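Let us start with two forms of the same protein chain, each given on its own as structure tokens and named structure 1 and structure 2.
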Structure 1
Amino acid sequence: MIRMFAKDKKRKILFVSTEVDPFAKVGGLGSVMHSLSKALNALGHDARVMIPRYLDIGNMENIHMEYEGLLVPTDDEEGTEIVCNVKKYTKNTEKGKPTTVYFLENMEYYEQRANVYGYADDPIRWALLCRGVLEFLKVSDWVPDVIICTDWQIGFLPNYLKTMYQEHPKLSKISTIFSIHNLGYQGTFNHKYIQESEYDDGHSPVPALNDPRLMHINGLRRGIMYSDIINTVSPTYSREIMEGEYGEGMDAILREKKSVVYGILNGIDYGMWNPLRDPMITQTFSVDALEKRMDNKVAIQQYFNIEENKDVFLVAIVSRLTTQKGFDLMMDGVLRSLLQELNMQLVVVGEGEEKYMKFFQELHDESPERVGAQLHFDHELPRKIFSGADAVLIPSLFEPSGLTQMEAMHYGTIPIVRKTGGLADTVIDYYPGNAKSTGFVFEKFDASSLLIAVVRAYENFQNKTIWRKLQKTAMRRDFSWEYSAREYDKLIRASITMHQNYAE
């Protein structure tokens, strides 16, 4: 019998992640951890987040010792333990609800590391985090009803929980949701070229932290296998990953678990993204005063030191510079032709793979008056850019959700996107007479399809009535977290019910 909970019962929710804004943010994951936990708290839940304490987090205010000298087993034969601390950050948000973040402290694995990712011992760092969270919950008064585990790094957690902690009176009651923000990463190895002898089918126990076999454990597969529910960050991506093309080798196992795979679209934080009140932008504006955006466009041109020109088609790229984001489509001449043939400018903000950084740097060097490039992350610049740019280019190879297209639309910048994942769920292609259009969409992952989409956008940009209508429709779309948080609420309840029924 399926036992249902009273609808209004508030839940204790713990997100375990590698990033949470403002403490550690590399990409969209950090923003989502921050704003989704906040949105769940606004619904009355008690949602908290736990991440490692990296070097950059330093001595921030409102962080206090919660548990000193936590001994985390390494599972080696000698019974070695790693000594960690847990620190806790609490601060009242504008709505008066507490947002709590826990940090797992360890000098060697976290506090001496300036970056979130990219170390040879990353699997040890993440397995330690997963094990550390569970050891902490054993001694903590606050125990969540559900743990939401994000991406491969936290895939070890449901595995430990369902095996080593299965009999633990407190911990065995916790249900798990495995949240996939990116199927492309599964471990520090390249899952596409794994040797048969190193293939991880997910059934063996997680090796000891100092066992070299840990390096080949597929955290993503284990997260999928051992969690009660699996979710991804958009409905389209949740369907795509069950197919070979997007499945990254996980399609079969996801199809097997189809009845517990969900897709909930991310939202954006309207507290931060508000064109009426954003302190980061030169000129605030509303949907009814879009002409004010012109000051912001000029501000962008000044910032990047490109030609000041109000009529030019100003296109932005704000992105992690990785293969996922579709830059390979631009490298074989398309962007150069567009810049040469059209009255167009390009500004780029982001960092990532060397070849893309080099490409954008070269493009800038070739036409400094038309191309601006800032090749490092900047948390504030995206808001300035979307407050004045005309279009944003997001031709992703795959896109679990994507936040930039929503941020851009909310500020009146029109997205040009490939029809995949969350981009397909949020951008409605323009054709004459379609009052719902919010951008330009192309389907096939090839350079000519991208070219056609940019040219279509450029031509329609010349007609101010069409463009204004697109901007207004885009700005009026609701991308706030409210709807998605309610969907998560249902998912959380379902996972708790399922876990209880399973345990009985």
Structure 2
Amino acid sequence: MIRMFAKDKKRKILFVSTEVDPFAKVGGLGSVMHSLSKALNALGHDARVMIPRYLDIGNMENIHMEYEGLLVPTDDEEGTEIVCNVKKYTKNTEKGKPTTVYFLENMEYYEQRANVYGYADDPIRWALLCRGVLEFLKVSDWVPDVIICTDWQIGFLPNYLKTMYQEHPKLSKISTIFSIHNLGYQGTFNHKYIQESEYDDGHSPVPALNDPRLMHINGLRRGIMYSDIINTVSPTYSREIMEGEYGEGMDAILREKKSVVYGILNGIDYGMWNPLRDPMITQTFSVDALEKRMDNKVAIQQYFNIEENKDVFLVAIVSRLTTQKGFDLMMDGVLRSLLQELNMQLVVVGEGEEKYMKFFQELHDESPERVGAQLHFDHELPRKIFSGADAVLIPSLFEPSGLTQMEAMHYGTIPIVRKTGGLADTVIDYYPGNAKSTGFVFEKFDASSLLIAVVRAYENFQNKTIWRKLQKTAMRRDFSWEYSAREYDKLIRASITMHQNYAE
């Protein structure tokens, strides 16, 4: 029997993650945890986050002891326990909704580490976090209805919950959602070249924290296997990962669980990304005052010391410079041809693999008046670029969600993208007469398709009426976290109902 409950019933939600902005942010995950929990609270839920307390967090204001001397089992034969503390941060937001973050504190595994990731014992650190969260909830007055686990690092948690804690009177009632931000990351090992003797099928118990076998446990596989619902960060990506090309070895198990695999787009924080009130850009503007963007275009050209020209087609790349982002398509002469044949400029911001950084540096050296390159990341520069560039180029091999295209569109920069993952879900290809068009899309992962897409964008850029219409349509798209939170609300309710039915 399906148990129904009132749609307006508010739920207690715990996100368990390795990052949350502003305490720990390495990539987009930290922003997602901050913005999504905040948006769910705005809907009336009680959404909280729990992460480790890293060195950089230190003794920040409003962080207080919540539980001292938490004993977390290591599961070794001697019954060893690791002593942790749980600290809590609570601060009222401008709208009066409390933002609560818990920190698992341990000197050896978290406080003595300068970085979030990149240590040989990372699997121990994340397994300790997962087990520590559950031990804390055993003694806490606040117990969530659902735990949302992010990526492979937290894949241990649903495994523990469905095995070691399945009979616990409080914890056994908690449903789980496993949120996959990138299927390519499954552990500290390379899952594509794992030895047969080290292969993890997910059925054996999670080894003890001091057992070397823990280093080869596939957290992503276990998160998929033991969670009530699996979520990815875009609808298209949720379908793509069931195919061998994108499945990273998980396509078979994902097809088995197809009925509980969903995709919800990430959003962007319009409080932070707002061209009308952004203090980081030269000239603020709105969808009804796009002529003001021209000052920002000139500012970009001045910043990169390229020719000041209001009529040139200014294309931007703002990205991690990795294979995933599709830059191999540009390295066989496509970009050089475009720069030679079109009245076009290119600005590049990002860092990553050496071969791509070298390629863009060479492009700059060959045509310094047409190509600007800053090959390290700057969190303010993307805003400046999106406020004045004409187009942003995102030719990804795969893209689970992507935020760049959404941020660019909200600032009036038109995306040129490959049809994959979140790019396919957010950018609507232009053709004459389509009032919903927001960019230029190509499907095949080859250099010719990329070249044609850029030329199409360039040709339509020459018609200012068409281009202005594209900009206005793109800027009016709703990529707010409020929309995403409403979709998560449905997913949370479904996971709770599913878990309750399973328990019966």
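For the two forms, the rigid core is made up of the largest set of C-alpha atoms that agree within 1.5 Å on superposition. Numbering runs along the sequence of structure 1, starting at 1. Every value quoted in this text rests on a predicted model; they were computed, and no experiment measured them.
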* Working through the pair one at a time, identify the form predicted on its own and give its number. => 2
* Just checking, between structures 1 and 2 and with the core aligned, does Asp332 shift 2 Å or more at the CA? -> yes
* Yes/no, Gly433 Cα shift of 2 Å or more between structures 1 and 2 with rigid core fixed -> yes
* **Rigid core superposition, Tyr356 Cα moves 2 angstroms or more between structures 1 and 2** => yes
* Structure fact -> Once the two forms are overlaid on the core, the CA atom of Met344 shifts between structures 1 and 2, in angstrom, by 5.2
* **Cα displacement of Gln283 between structures 1 and 2, once the rigid core is superposed (Å)** => 2.5
